[in-house]
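Taking the form predicted alone, here's one chain by itself in structure tokens.
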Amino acid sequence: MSDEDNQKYMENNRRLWEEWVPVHVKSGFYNVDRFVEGADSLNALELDEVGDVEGKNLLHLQCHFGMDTLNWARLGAHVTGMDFSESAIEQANQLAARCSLDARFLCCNLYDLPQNLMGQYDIVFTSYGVLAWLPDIPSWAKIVASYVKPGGFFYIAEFHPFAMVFDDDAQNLQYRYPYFDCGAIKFEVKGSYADRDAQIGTKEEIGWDHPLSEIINSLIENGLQIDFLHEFPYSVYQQLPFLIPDGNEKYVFPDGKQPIPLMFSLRATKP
């Protein structure tokens, strides 16, 4: 796939996210009012594995409209969030003002971030559904590593790429997408993951799947040392239609089964 094609696909996706932002801000999925009242938007997994952020400088990549970024600010971090959607950044700034929290938000394509943001951070953070929107993982990893200061770390919690090979419309595990295919995958837009009935003008979304080895090796090749890699048989989101809530804000396989990993988390430190 050419760079020109990838740029065209990413622009299509940017337009899609511009439409999704107002839907998400109003949705029960995100429940902005509850967050404003003091609830965490971050999950127990990230809170536990990232740890104490008091006084730390934190860069949040692909931050959407900033709820998680502001959650870290509420916990004492000095935060910067970036996203390629202008509407998302506008909403992030409005949410920061509504919550009386200090935060810096930047509208930028991730691959253009080095031309728009200087400095290094104690923590570079990203989470959930971010990598599938990126066509080039080695370049992503280079950018990630460049923003981690010596002694700092990068952290990601993400849906497992192996789980992405299965049909997300089927009522059981049915293979649909190749694990090692690095090409663009096109999907029909059906509302939004936060509101399936939302009326959306953009009719197509384009994603890319990336093997776990490519993600890990790209970070290592750019000077980061892997502290841990964890894999989980549950999800924080109903990735597959037959997953069931466990009552603890997780979605699991029925009957206690754990056939495949649904998520992973990784922390990598810069020496």
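Being a predicted model, the structure only gives us computed values, none of them experimental. The first residue of the sequence shown is number 1, and the count goes up from there.
Another form exists, predicted together with a small molecule; not displayed. Remarks below refer to it.
Against the small molecule in the predicted complex, the set Tyr30, Ser127 and Val130 is in full contact: each member has a heavy atom within 4.5 Å. Considering the small molecule in the predicted complex, the lone stretch of 211-219, 63-71, 242-250, 47-55 in range is 63-71 [heavy atom distance within 4.5 Å]. When the small molecule is considered in the predicted complex, Phe166 lies well away from it, no heavy atom lying within 4.5 Å. Using a 4.5 angstroms limit between non-hydrogen atoms, Leu110 touches the small molecule in the predicted complex.
Mapping the unseen interface onto this chain, Ala103 falls outside it, with no heavy atom inside 4.5 Å of the small molecule in the predicted complex. Though the partner is left out of this view, Phe162 does not reach within 4.5 Å of the small molecule in the predicted complex, counting heavy atoms only. For the options Leu134, Ala145, Ala184, Cys99, the one in contact with the small molecule in the predicted complex, meaning a heavy atom within 4.5 Å, is Leu134. Proximity to the small molecule in the predicted complex, defined as a heavy atom within 4.5 Å, singles out one entry of Phe154, Trp140, Tyr121, Phe84, which is Phe84.
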